[in-house]
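Just so you know, structure 1 and structure 2 below are the same protein chain in two forms, each on its own as C-alpha cells.
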Structure 1
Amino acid sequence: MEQKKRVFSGTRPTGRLHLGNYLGMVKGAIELQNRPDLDCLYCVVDLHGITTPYDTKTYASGIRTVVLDYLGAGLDPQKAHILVQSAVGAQHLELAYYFGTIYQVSRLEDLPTYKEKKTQHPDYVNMGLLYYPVLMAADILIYKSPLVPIGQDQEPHLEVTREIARKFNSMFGETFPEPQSFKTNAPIVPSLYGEGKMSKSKGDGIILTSSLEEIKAALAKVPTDSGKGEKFPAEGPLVNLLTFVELFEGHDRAMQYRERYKTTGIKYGELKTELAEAIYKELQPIQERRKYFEDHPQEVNQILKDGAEYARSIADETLKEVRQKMGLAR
C-alpha cells in the first residue's frame, strides 16, 4: 500500500475566520482532507502569534475560537488531525533551534515579511519575529511534509524551509523533503470595500457566525453607482460585489446582473438583500456545527488531544533521527 503524502497547514490565531478565510483557506483544507492519498495536519500556530502584539487575557480564548470556527466550517477530525502548535511546542522549538545553528541571520533579515512587520510594530521587534521562518520550517519539516497549502505572501518563507532542508541534508545526510506549495481550487475572495483581498483589517470581514442582519449591514456599506451604464465597470467595489454574487448565487445570476446594468439597470437594494440571504444560507449549517462543538467542550478537548498525540509521535521520531545525524544522540 502506497504511503500517504503528509500535508501541514498552520493558521495564526489572529481573530475570527471570515468569508475570505472560509472560501479560500478552509474550503481548500476540506478539499485536501477528503483525498484518500493525503494525511492532513491542521494546526493553530499560537507560538507564531506571540511574535506581534497580543492580549494575554484573551489569547487562549482566541485560539479556542479559531478551533471552533475550523470545526464548524467542516474540518473533520475523522479525516484530518487538528491541533494547537504549543501542544507539540517542545518538539517544534527543539528542531527550530537545531535549524538555527545552520542558517544565516542575514537571510532572515532580508525577508520582506520581517521588514514589513518591523515597520508595522516598530516597538515590538523581537527575536521571535526574526526567527519566525525558522520555526515555520520546523513546523513543516518535523512532519516531513512534502506539501504545504499556502498563500502567495508565504512563498518567501517556504523558500527558507526548502533552503534549510537542503542545507541540513547536505551537512548531515538525506533527511528532509523540500516541500512544495500546494494550490487548491479555492478562489481569491476580494475586499468588499476596496482593493485586494477581504481582511479583518479593512473592516469587511463577514465572520462565519454573522447573523442575516449583520451580513445585510456589511453589504449595505458597499459603495455603488447609479446601477446603469453603457459598459459594466472593469474594477472596483461593484465588480467585487458581482464576484460575491457568482460565489454564492452562481455564474448565471452574476451574468444576469451584468446584462441588466446595460439595459434596465440594477436595483442594488434588491441585489444586496438577495446576496445576503444566499450568504446566510451557506453559513447556517456552519453555525449549527459550530454551536454543537461549542456545547461539547470535552469533545473538542479530545480532538485536540488526539491531534497533538498523533503529531507528537511523528515529531519524536524525526527528532531522534536529527539528533543522531547531528551527533547529539541520547
Structure 2
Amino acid sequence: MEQKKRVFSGTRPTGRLHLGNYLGMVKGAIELQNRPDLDCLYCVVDLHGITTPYDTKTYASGIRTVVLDYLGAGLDPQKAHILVQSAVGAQHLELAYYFGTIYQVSRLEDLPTYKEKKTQHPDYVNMGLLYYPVLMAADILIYKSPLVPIGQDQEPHLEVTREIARKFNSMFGETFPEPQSFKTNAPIVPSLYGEGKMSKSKGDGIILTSSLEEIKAALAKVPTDSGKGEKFPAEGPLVNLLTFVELFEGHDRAMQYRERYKTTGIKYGELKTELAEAIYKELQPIQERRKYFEDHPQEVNQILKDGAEYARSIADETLKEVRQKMGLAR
C-alpha cells in the first residue's frame, strides 16, 4: 500500500486558543484531516512553550487546556492523531540535535521571530529560543510531512525547515521532503484593536470559549469613527472589523457595509451585535464539544496515549534511518 502523506502541525500551550489560532491554523488542520489521502498528527508543542517565561505550577494544566480546545474545535481523534510533544520528546530532541550540527547559527540569529522574542524578553534570551526553529524542523521532518497547516507568521520557520531538509539530503542522501505550508482563507487574522496580527499578548479578547456577552464586550472596545465618509479607510480597526464580518458573515455582507459607509453610513452598534452573534454561532458547537471532552478525562487520556504511541513508532523509524545515514548506527 502506498504510504499516505503525513501532515504535522502544532500550537504552543501559552494560553487559550483564540480566533486567530482557530482561523489561521485549526481550520486548515480540520480540512486536511478530512482528506483520505493524508495522515495527520496534531500536537501541543510543550517543549517550545518553555523557551519563553512560563509558570511551572500551571503549565501542565495549560497543556491540557489546549488539548481540550483542539478537540472542541473539531480536531477529530477518529481522523487524526493528537499528541503532546514531550511524549515523543526524546525523539524530537535527538533529531533536532542532529539538525543543529548542520545548520548555521547566524541564520537563526537573523530570524524575525527570534529578534522579536529577544526584544520582548531581554532577560530570557536562552539557547532554546535560538534552537526553536531547529526543533520545529525536527517536529515536522521526523514524520516526513510535506504539508504543514500554519498561519502566515510561521513562514520563516518553514523556510528554515526546508533549508535543513535540503542540507541534510545533500549531505547524507535523499531523506526528507521540503514541506510547504497549507493556508486557510485567513492565514493572517488581524488584531481587533488595530496593529498587527491577533495575539494573546495584545489581549485580543475572543477565545474559543467566549460567551456571547464576552464577544460583544470585546467588539465594543474596537474603536470606530462616525460611520460615514467619502472613502472607506485603507487600514486600521475598521478594516479589521470588516475582515471579521467577511470571515464570519461572508464577502457580500462586508461589501454592503463598505457601500453603506459611502452612502447611508454604518451603524456600528448594529454591525457589532450582528457580528458578535455570527461569531458566537460558530463557537457554540465548539463549546459543546469541548464540554463533552472536559467531562470525559479518561477518554482524553486515551486519545493522547494513542497519539503518542503512533507518533513514537514513526519517529523511531526515522531516527534509525538518520543515524545510519549520518554514520552513527550502532
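Every value quoted in this text rests on a predicted model; they were computed, and no experiment measured them. Counting starts at 1 with the first residue of structure 1 and goes up one by one along its sequence. The term rigid core refers to the maximal set of C-alpha atoms that superpose within 1.5 Å between the two forms.
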Identify which of the two structures, 1 or 2, is the form predicted on its own.
1
For residue 77, is the CA shift between structures 1 and 2 at least 2 Å following rigid-core superposition?
no
Quick one: core overlaid, is residue 128 moving 2 Å or more at the Cα between structures 1 and 2?
no
Is it true that residue 55 shifts between structures 1 and 2 by 2 Å or more at the Cα, once the core is aligned?
no
Once the rigid core is matched, what's the CA displacement of residue 244 between structures 1 and 2 in angstrom?
4.1
Per-residue C-alpha deviation between structures 1 and 2 [residue 279; rigid core superposition; Å]
3.6
